[in-house]
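This document starts with one chain, in the form predicted alone, laid out as structure tokens.
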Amino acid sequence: MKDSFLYPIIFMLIMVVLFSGILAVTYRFSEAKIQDYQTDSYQKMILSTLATKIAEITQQNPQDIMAAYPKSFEQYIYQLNPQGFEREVYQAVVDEEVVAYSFEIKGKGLWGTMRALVSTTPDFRTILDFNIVSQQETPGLGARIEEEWFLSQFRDRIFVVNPESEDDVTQSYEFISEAQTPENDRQLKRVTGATITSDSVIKMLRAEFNYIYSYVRSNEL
């Protein structure tokens, strides 16, 4: 009886060790490819936030710039490492002139951390493009902040309206129903059923623009 009881347990342990080893080896061989894929995806997102501005200056189509990745990224995009600046920051350069910046920003959503990329004009006052890198919001509700209609509300929007302020340089906004039509530039449509997540996006943008603007007042990027 003892032998018959032990054999299945020993067999299962051997199988667990064997398959764990196979998974570990498979991951080790795939690790470089996974890292390359993640790097490519992130760089493409950075490029996408800057492509429209680059296209405007170079008289190209944004789609052509994206299609030319990675050559276009290497040609136009430069990562900066300013001392004391605790954000990832990239600049788009055309003919040795900085035409835009792209910042990785972070904020707190309803269920966890949100990461986004926001590109700005060289004076850091106007949002050129805005994309969500990652979020942990509820699928079908808060996760809809990644949808084009929501993100497009922030593009080409002057966000810094009080550049001399020491407290808050940003514009305040009012959220209206997704079904409504904004009556003025200070109204934005929130995601239906995700008021907290929608508010969190604005809070993230305002906090990060205040941080960025506070830094560039006395430092160069």
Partner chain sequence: MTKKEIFFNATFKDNSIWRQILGICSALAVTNLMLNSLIMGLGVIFTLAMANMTISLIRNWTPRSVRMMLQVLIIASYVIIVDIFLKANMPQISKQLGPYVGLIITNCILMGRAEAFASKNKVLDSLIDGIGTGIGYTLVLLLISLVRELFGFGSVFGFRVFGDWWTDWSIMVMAPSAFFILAMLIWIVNTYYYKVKA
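Treat the numbers as computed from the prediction; the structure is a model and nothing was measured. Positions refer to the first chain, counted from 1.
Keep in mind that the form predicted together with its partner chain is missing from the display, and what follows is about it.
- Shown here without its partner, the chain carries 94, 112 and 211, none of which come within 4.5 Å of its partner chain in the model of the complex through any heavy atom.
- The contact with its partner chain in the model of the complex, taken as any heavy atom within 4.5 Å, belongs to 30 out of 39, 61, 30, 162.
- Residues within 4.5 angstroms of its partner chain in the model of the complex, judged by any non-hydrogen atom, belong to 139-147 and to none of the other stretches in 74-82, 139-147, 98-106, 115-123.
- At the 4.5 Å threshold, heavy atoms of residue 34 reach its partner chain in the model of the complex.
- Not displayed here, its partner chain is kept clear of residue 172 by more than 4.5 Å at the level of heavy atoms in the model of the complex.
- Contact check for residue 180: every heavy atom lies farther than 4.5 Å from its partner chain in the model of the complex.
- Taking the partner from the other structure, its partner chain in the model of the complex has no heavy atom within 4.5 Å of any heavy atom of residue 70.
- Interface residues of 182-221, taken as those with a heavy atom within 4.5 Å of its partner chain in the model of the complex (partner not displayed): 192, 193, in sequence order.
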